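Have a look below at one chain only, the form predicted alone, in structure tokens format.
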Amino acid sequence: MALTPGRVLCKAAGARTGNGGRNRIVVTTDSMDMDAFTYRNGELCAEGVALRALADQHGTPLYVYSQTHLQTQYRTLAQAMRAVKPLICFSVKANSNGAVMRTLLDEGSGLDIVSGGELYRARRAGADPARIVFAGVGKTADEIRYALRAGILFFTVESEPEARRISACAVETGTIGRIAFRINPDVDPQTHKYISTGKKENKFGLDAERTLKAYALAAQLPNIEIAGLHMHIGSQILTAQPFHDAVSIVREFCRTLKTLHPTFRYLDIGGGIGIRYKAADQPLDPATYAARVVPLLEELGLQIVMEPGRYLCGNAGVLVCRVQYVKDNAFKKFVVVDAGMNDLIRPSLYQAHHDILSVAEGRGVIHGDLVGPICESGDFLAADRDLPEVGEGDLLAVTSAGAYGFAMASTYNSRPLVAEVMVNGDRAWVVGQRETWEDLVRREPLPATA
């Protein structure tokens, strides 16, 4: 990754040190706040770089990521869980940018993938397939064969038909398919219904009784190795109790499965650790999480796997956008920016809250909607909210956009995908090129004219 010519645009925090030829900032705090994005000299900065300068250089809308925040979050979690030495597998679906993956791989992370495309991205970023786990309810035969040939650690298996398919693909490719059935412990994670995955009405996993029967079936399948058990109860969970409850339930199954299957050695406890999206949120501190689950895990004697996504990258990113118009009608005020639901769909899809900051400090407050240019009534980034008082041409930053931001972006309304920039200290470099109009039609050959 080539760095652009760098200069100090904001006063950088922390000490400089080497990191394989790249510069980084050493952060000494365990804080889960957005320390990487702060006001300095009246300007909102990403680490040591002013967001205004990045917007002027690379245009808007623009995703900006803090490499230091990614590193700090990983180290904090690894330290909290050190007693069980987990294999921490970053959930690629949260942010599949190659530079984000490479940063976490350099910290020692494995990867959690949900598609053949993510496996391709992971290998391109330099991941060791033996530290990759493959989840998802709808794996195709082509994806399974690709993963088997690559030599991934194991598949998270959601159903008996999937186990049979992995077996058939393993026989075909002359490989061994290592599997871990996903158990559904029926624990309420107390989060948004769209990101709750461990209740009995969800599409994921198998109930307890069926799980044991599924392992008995798998033990009879050719070219299958029973490697472990998997669970994932949901995302953006802000209390440790649901994790404690779920691990308490599955540990008895682990003991049984260890007795029945000599190759059983992994327990994958999924992800879901919540972050701060707004000031009132109390994020789940990894030390608190670890205090509730580590004692339960230590006694099992299994290799623990974790799949954090949002926790690692959510507050590592912001979406910078520029105000196009401020529009009033008889009922409310609309701030219209150049970023829309195609760039960040979480507010429209989940009614998710993202704090909105003015890039220039000290603005007043107005009340209204922050909306984008997409031709949909659901195109908003903030609805019925207090917003910075801005005018045409001013810059805003949508915070907590590092997870499920660019990864869920689309080209709806024929809007090209935006650029991505990573910052480390006082340096910044492009890690995702902005698409052009030509890129939009590159895959669409026109029919011959008469």
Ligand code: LLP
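From 1 onward, residues are counted along the sequence shown. Since the model is a prediction, treat every value here as computed from it, not as a measurement.
A second form of this protein, the form predicted together with the named molecule, is not displayed here; the remarks below concern that form.
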Please pick, from P129, P283, G368, G309, the one residue with any non-hydrogen atom lying within 4.5 angstroms of the named molecule in the predicted complex.
G309
Could you tell me which one of K93, R102, R145, R292 places a heavy atom within 4.5 Å of the named molecule in the predicted complex?
K93
Decide whether Y325 counts as a contact residue for the named molecule in the predicted complex under a heavy atom distance cut-off of 4.5 Å.
no
Quick check on D112: any heavy atom within 4.5 Å of the named molecule in the predicted complex?
yes
Please tell me whether any heavy atom belonging to M408 falls inside 4.5 Å of a heavy atom of the named molecule, as the geometry stands in the predicted complex.
yes
Contact of P86 with the named molecule in the predicted complex (heavy atom, 4.5 Å)
no
Can you pick the stretch from 329-337, 76-84, 309-317, 146-154 whose heavy atoms fall within 4.5 Å of the named molecule in the predicted complex?
309-317
Would the named molecule in the predicted complex be within 4.5 angstroms of a non-hydrogen atom of every residue among A135, G271 and R346?
yes
Near the named molecule in the predicted complex, with a heavy atom at 4.5 Å or closer, the residues from 233-268 are G234, S235, Q236
